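Okay, so here's just one chain, in C-alpha cells, the form predicted on its own.
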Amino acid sequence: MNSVFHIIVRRLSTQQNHYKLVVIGSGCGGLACASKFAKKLPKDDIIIIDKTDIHTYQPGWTLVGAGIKKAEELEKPQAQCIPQNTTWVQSNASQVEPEKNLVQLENGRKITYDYLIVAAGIEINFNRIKGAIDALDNDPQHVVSIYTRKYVTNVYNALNNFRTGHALFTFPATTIKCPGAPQKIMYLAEDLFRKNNVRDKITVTYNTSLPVIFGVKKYAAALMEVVKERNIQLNTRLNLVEVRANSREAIFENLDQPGTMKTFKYDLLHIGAPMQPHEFLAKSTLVDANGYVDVDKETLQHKKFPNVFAIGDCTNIPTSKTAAAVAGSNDILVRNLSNLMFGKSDKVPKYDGYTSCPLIVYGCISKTTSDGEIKASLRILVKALKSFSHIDLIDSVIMCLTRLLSLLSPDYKIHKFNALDCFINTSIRT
C-alpha cells in the first residue's frame, strides 16, 4: 500500500505544469493551430485543454435536422483528432490570468505558458428563453432545435411527421455561430413539406431579431426573392423570450418597442439558440465589454497581451462566426505567432475577415424542381460569384450554375445562348 502511495505522489510531483504553448479548445480552430505547431515544436511543448471526448462537425447539424445526414456521421472520438506530439488534458479551463501566464482547470490544476491560443468557442444558453428547455425536453414533436447534439436528433422526426398548422422558426437577439443556420433549416423544412405534399396545409414563418432577413445586403435581396416565391412569412425585430408549451404559444419582444410583447401560436417551433461567451473568459482580462477575446482583427494577436492569440467564435473579430472564418484565419495566426515565438520577421498577410455561411434553400434539386425554384437558386449563386476572388470558389459556383441551367425547361430563353456570362449579365433580371 505504501509503495502505491509513493508512486502516486511521485507522479503528481513530476506532473508537467508549464508548456511553451497552451491551446484552450479542441474545435476546428484549436486543432488546426495545434496541428501546425506540433510540427514546429518539440514533444511535450504543447498542451490542449478541452473536456469534450467527441469531436463534432457542428455545421452539419442542419443536414441532420433535414434527414440528409445522421448525427453519428459527423462525429469522431476526440482522441483520434488530437495532433501527435501534443498533450491533451481532458478538462475545461475555469480561469485565465494572462498577467501571470496562467490557466486554471476545473480540477484546480494550474498550468503556465509562454504562449496561449484561445479557441474556446461560445456556449449555447437556452435558459435565456423562459420555458425553452422544458419544451425541448418534454415536447420534442412540437419544439425542436438543431443547435445541440441532445436536441438535433429530434428535428427530422418532427419535421417529417408534420402535416398541418403553423411552423415557426426563430433567430435570437444574441451573437450566434453560423448565423445562416436558423434560416437554412427553415428552407430545408419547407422543401420537405413540399416533398411530403403537405405544403399547402402549412404556414411557414420566420421571426428574426434582425432588421433584415440577412446581414449582407446583396444576399438579403436574393433571399427575399426566395421567401416571397415560397410564401414564407417574414417578421423582423422580434426576439423569442418565452415558450409556453402547454398552450403552444411563443412570446416575442418587439426590439423596436422594448417591453412590448407579441404572441404567436405554433404547431411546430424551431428555436434558434441564444449564445454567449464562456463564463471563464467573460470574467477574465482578455475580453472586451461584450465578453469576447479582444484581438487585432488582422493579426489575431491580443491587443494587450502580445503572447496571447485567439481564433474562432470566442473572438471579437467583426465577421460571422463560422468554420470558414477559422479556415481563413488559422494560417495567419500561426504565422504571426511563429514570428513572435522564433524571433522571425516573415511577412504575413492580413486576415481580411473572410467567412462563409452556405444557405441551402432546397433539400434536393432535380428535374421535378420548378423553373422558378431553379432561378431563385441561380440568382443566389450569381451574387456569390460576383463576390468571390478565390479561384476554387469561383470554379465551384460556375459548376453549380452550369448544372442548374441544364435543368431549366427547354423553352426557357437562356437556352438560346451559349455563354454563361450572358445569363449572369441579363437573364437574372427577368
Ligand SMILES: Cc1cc2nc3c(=O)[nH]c(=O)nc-3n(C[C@H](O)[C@H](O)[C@H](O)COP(=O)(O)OP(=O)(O)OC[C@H]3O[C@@H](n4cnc5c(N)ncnc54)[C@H](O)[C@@H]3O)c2cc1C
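Residue positions are given as counts along the sequence shown, with the first one as 1. Since the model is a prediction, treat every value here as computed from it, not as a measurement.
Below, we turn to the form predicted together with the ligand, even though it does not appear here.
For residue 146, a non-hydrogen atom is located within 4.5 Å of the ligand in the predicted bound form, even though that partner is not displayed. Contact between residue 212 and the ligand in the predicted bound form is not found at the 4.5 Å heavy atom cutoff. In the predicted bound form, the ligand lies within 4.5 Å of some heavy atom of residue 49. The ligand is not drawn, but in the predicted bound form it has no heavy atom within 4.5 Å of residue 264. Exactly one of the stretches 236 to 244, 212 to 220, 89 to 97, 188 to 196 approaches the ligand in the predicted bound form with heavy atoms within 4.5 Å, and it is 89 to 97. Contact with the ligand in the predicted bound form, defined as a heavy atom within 4.5 Å, holds for exactly one of 322, 336, 208, 284, namely 322. Of the listed positions (293, 300, 120, 168), a single one reaches within 4.5 angstroms of the ligand by any non-hydrogen atom in the predicted bound form, namely 120.
Taking the ligand as positioned in the predicted bound form, the residues of 278 to 307 that bring a heavy atom within 4.5 Å of it are, in sequence order, 278, 280.
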